[in-house]
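Shown here is one chain on its own, the form predicted alone, set out as structure tokens.
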């Protein structure tokens, strides 16, 4: 007697669950749980990370991220308008910038601003300014394309209606089009904020004092001191404290946008 399609699907799924169960049992039997607990869940090492990992590392990570995002958003908006400009040189400059900074690693930007610029121009940039520029320059390239897509998604009738009321092209763009575009692209911009949060871990390259440590640098130094992965695990959890609510916000915004459409 041949099985129905639903029965075959159930059989295959049951087999997958069985294989997964066997694999988990084998891993559980073979693992050295005492060593795993010592390496990842050392309570004494975990206690030693507080409160500095919150009051210093987590706070600095948030500050670095917000500085980079604020600068990147402003520059990204300018680049998006240049990208849509009817003046060819503006479009060319925006395209070159976007393609350049989307094509190179953020690591190189941090090295260039943290070490190259001070050496070449004999200037000492403030640590926070360096982080803001490094994160913002890279983030702006991505946000510019996102904002450009949002502006183009606004119905042209909105601009035509504004022009019919006597608004200039620039006034219509600032008062009507850009606010609607930002609402449209809010979910992907929030995703960019999550990416910048993780990219802030590159700040360690600049050489930080204890008061300037962010989560990755804090966890790395604690790892070297304690020979335990527990600080890295705690730093990862702190990143999740930032990114998980943002991810939830993105899903809420996407659902809201879908309902509005």
Partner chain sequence: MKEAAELDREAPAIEVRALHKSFGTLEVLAGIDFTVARGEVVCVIGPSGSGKSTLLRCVNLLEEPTSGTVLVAGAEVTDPDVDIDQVRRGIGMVFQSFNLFPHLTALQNLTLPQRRVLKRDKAEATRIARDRLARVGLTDKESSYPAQLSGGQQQRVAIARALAMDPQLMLFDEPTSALDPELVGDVLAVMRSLADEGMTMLVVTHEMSFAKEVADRVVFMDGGVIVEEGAPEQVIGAPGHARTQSFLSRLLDPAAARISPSDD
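Values in this document were obtained by computation on a predicted structure and should not be read as measured data. Positions refer to the first chain, counted from 1.
This protein has a second form, the form predicted in complex with the partner chain, left out of what is shown; the following refers to that one.
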{"item": "Among 144 to 152, 125 to 133, 108 to 116, 175 to 183, the region lying within 4.5 Å of the partner chain in the predicted bound form by heavy atom distance", "value": "175 to 183"}
{"item": "Contact flag, residue 103 vs the partner chain in the predicted bound form, heavy atom cut 4.5 Å", "value": "no"}
{"item": "Contact label in the predicted bound form: residue 99 to the partner chain, heavy atom within 4.5 Å", "value": "no"}
{"item": "Partner proximity in the predicted bound form: residue 95 to the partner chain, non-hydrogen atom cutoff 4.5 Å", "value": "no"}
{"item": "Contact of residue 161 with the partner chain in the predicted bound form (heavy atom, 4.5 Å)", "value": "yes"}
{"item": "Contact check for 165, 168 and 171 against the partner chain in the predicted bound form, heavy atom at 4.5 Å", "value": "yes"}
